[in-house]
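For this one, two forms of the same chain are given in structure tokens, first as structure 1 and then as structure 2.
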Structure 1
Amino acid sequence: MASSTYKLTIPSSTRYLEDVRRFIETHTVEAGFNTQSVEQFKVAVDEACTNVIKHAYSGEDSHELNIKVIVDSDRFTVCIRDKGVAFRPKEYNEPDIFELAKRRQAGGFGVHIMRRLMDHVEYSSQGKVNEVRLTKYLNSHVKNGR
């Protein structure tokens, strides 16, 4: 199977996240993912985009997010690029979910959720461009063992 690439660019505003979820759903369904994996992708990509909008761009809606889907024979990868403040994964500490739940604190789970739902999550920065890559391997998440 040849690699396929699909792209979407949105303004840095949460009101465009529904467009992103539909874009991801279209391509994960076309790739043959089962319903659970399609929903996991939608949640993980939504969390990644929300983190960029809230943290990298501090909620300013005058920037762009570039979303690229890459479908390879063995994996499905979503790349989300921004030019905001870079996330530093080495400085990230996993939240104590039970403690946060006791305090009824909302938010702060995005990275944890992405890591739980995806097979691989990778952050990188090159110059002013930051990228998070969310990957699932096809063999264990497709319909009918395809």
Structure 2
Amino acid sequence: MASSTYKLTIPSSTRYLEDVRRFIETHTVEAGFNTQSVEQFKVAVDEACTNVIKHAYSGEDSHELNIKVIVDSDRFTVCIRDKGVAFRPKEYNEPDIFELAKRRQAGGFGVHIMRRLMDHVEYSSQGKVNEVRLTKYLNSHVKNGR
């Protein structure tokens, strides 16, 4: 099966996260993922986009995020690209919710959620472009045994 690609570009504002979730829902359902996996993709991609908006672009809404869905016969990949400050996964510590609550800290667990929900999460940077790739393999997540 040849791979199919779908693209969505949004301004770097949280008001468009809902559009991203609808876009992901449409294509994960079309690819045959079960309801649980569809929800997992929506949350993981939302977390990735939220991190780009809040951290790579520091909340400035004048930039863009490019979201690309690639459907292959054995996997479903979402690539999110930005031109902001690159994320350094090696500097990320797994969150301790008791510690965060003590510090009244409202964030810092998006990456943890992405890693838990996806089969594979990969960060890369080339020149000014950063990319995060979220992948789930189709075999164990499809309905009707496709």
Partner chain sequence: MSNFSVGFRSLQSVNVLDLKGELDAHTASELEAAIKKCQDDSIYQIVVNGANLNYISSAGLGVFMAYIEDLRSKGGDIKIAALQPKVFNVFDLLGFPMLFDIVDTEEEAIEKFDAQQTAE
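For residue numbers, the reference is structure 1: its sequence is counted from 1. What you are looking at is a predicted structure, and each value in this text was computed from that prediction instead of being measured. Take the two forms, find the largest set of C-alpha atoms that superpose within 1.5 Å, and that set is the rigid core.
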Which of the two shown is the form predicted on its own: 1
Post core alignment: D61 C-alpha displaced by 2 Å or more between structures 1 and 2: no
Post core alignment: I97 C-alpha displaced by 2 Å or more between structures 1 and 2: yes
